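The data below hold one chain only, encoded as structure tokens and taken in the form predicted on its own.
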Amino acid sequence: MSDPLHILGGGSLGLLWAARCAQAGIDCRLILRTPQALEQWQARDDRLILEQQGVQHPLQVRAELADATSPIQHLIVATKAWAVAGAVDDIAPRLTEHSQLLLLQNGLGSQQSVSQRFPALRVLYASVTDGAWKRSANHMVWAGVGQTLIGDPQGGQAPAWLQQLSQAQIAWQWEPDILAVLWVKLAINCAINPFTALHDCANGAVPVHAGAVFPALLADLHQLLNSQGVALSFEQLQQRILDVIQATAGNSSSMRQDLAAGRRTEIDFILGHACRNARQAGLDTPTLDALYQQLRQHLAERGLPLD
């Protein structure tokens, strides 16, 4: 009997992956943050509702807390980027020398902190483009089917346990240069998310709201990508960003959703990480820096954390 998959984080992405696994009959355990959340989950008889295109699918998913005693072999971390450090520290006593972690976070920075925390373990990074949001604590809506790219920044082949994702019909593929993928995704997020948060708009309205700032921002982001060894022309980056905007025109970015709900955003792992790395590379990125400060001020005015 194979070891269960453990999914850390009861947000929309954690629930989506738990639901996909449950649909496929894969033994998975959802790790929740508080005793109250676990009590409420169990009071609903471990029921998770997956909604897609208006159709609801009730599923059974067992949940537990980080301090349960069973060892964890395969851990999928689906928390927000800012919550990763605390979440993996809570779970650390249950990890073994053979444990492997798969990180699904937006932005960059949180992944490297986990790799540094567990240098002896295999830590995989992923880029996920599915769209999902929660109607309630145990009801999530799968709003857009995406693709998941997974890789190991230390190199090597895909581990066999990832085949369970195929069984769950999660569209994934192994990516040898996962850091380049994550840098491009970071640039796309830097070009879209701040404007959706500042102007409370869907992704499709970003070019209009960004106006003349947009090409200057893309030039800064192109410089940054080049400094990180990402071989992409300005025209290719621009087209990639415009394609995402068009494909997700009606979507609400995660940053806009967090802001609307009064939740902490992932600004530090998106714009913050970009600006810090631009400084370290000796780059001049005035438009990117100004956008970061504008968004920080916007968050401060709403009493939200700036990191």
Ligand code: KPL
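The structure displayed is predicted, hence computed values, not measured ones. So that there is no doubt, residue numbering starts at 1 and follows the sequence shown.
Keep in mind that the form predicted together with the named molecule is not shown, yet the notes after this line are about it.
Which one of 38, 26, 244, 49 is close to the named molecule in the predicted complex, taking close to mean a heavy atom within 4.5 Å?
-> Exactly one residue meets the criterion: 244.
Identify which of 81, 76, 123, 192 has a heavy atom within 4.5 Å of the named molecule in the predicted complex; exactly one of them does.
-> In short, 192.
Would residue 110 count as touching the named molecule in the predicted complex under a 4.5 Å heavy atom rule?
-> Close contact is absent here: in the predicted complex, residue 110 is far from the named molecule, nothing within 4.5 Å, heavy atoms only.
Does the named molecule get within 4.5 angstroms of any non-hydrogen atom of residue 138 in the predicted complex?
-> The answer is no: residue 138 has no heavy atom within 4.5 Å of the named molecule.
is_contact(residue 106, the named molecule) in the predicted complex, heavy atom dist at most 4.5 Å | Residue-level check for residue 106: yes, a contact with the named molecule.
Taking heavy atoms and a 4.5 Å cut-off, does residue 99 contact the named molecule in the predicted complex?
-> Residue 99: no, not in contact with the named molecule in the predicted complex.
Location of the named molecule contact in the predicted complex, chosen stretch of 49-57, 252-260, 30-38, 273-281 [non-hydrogen atom, 4.5 Å] = Comparing against the named molecule in the predicted complex, the contact stretch is 252-260.
Could you run down 198-236 and flag each residue that has a heavy atom within 4.5 Å of the named molecule in the predicted complex?
-> Contacts from 198-236: just 203.
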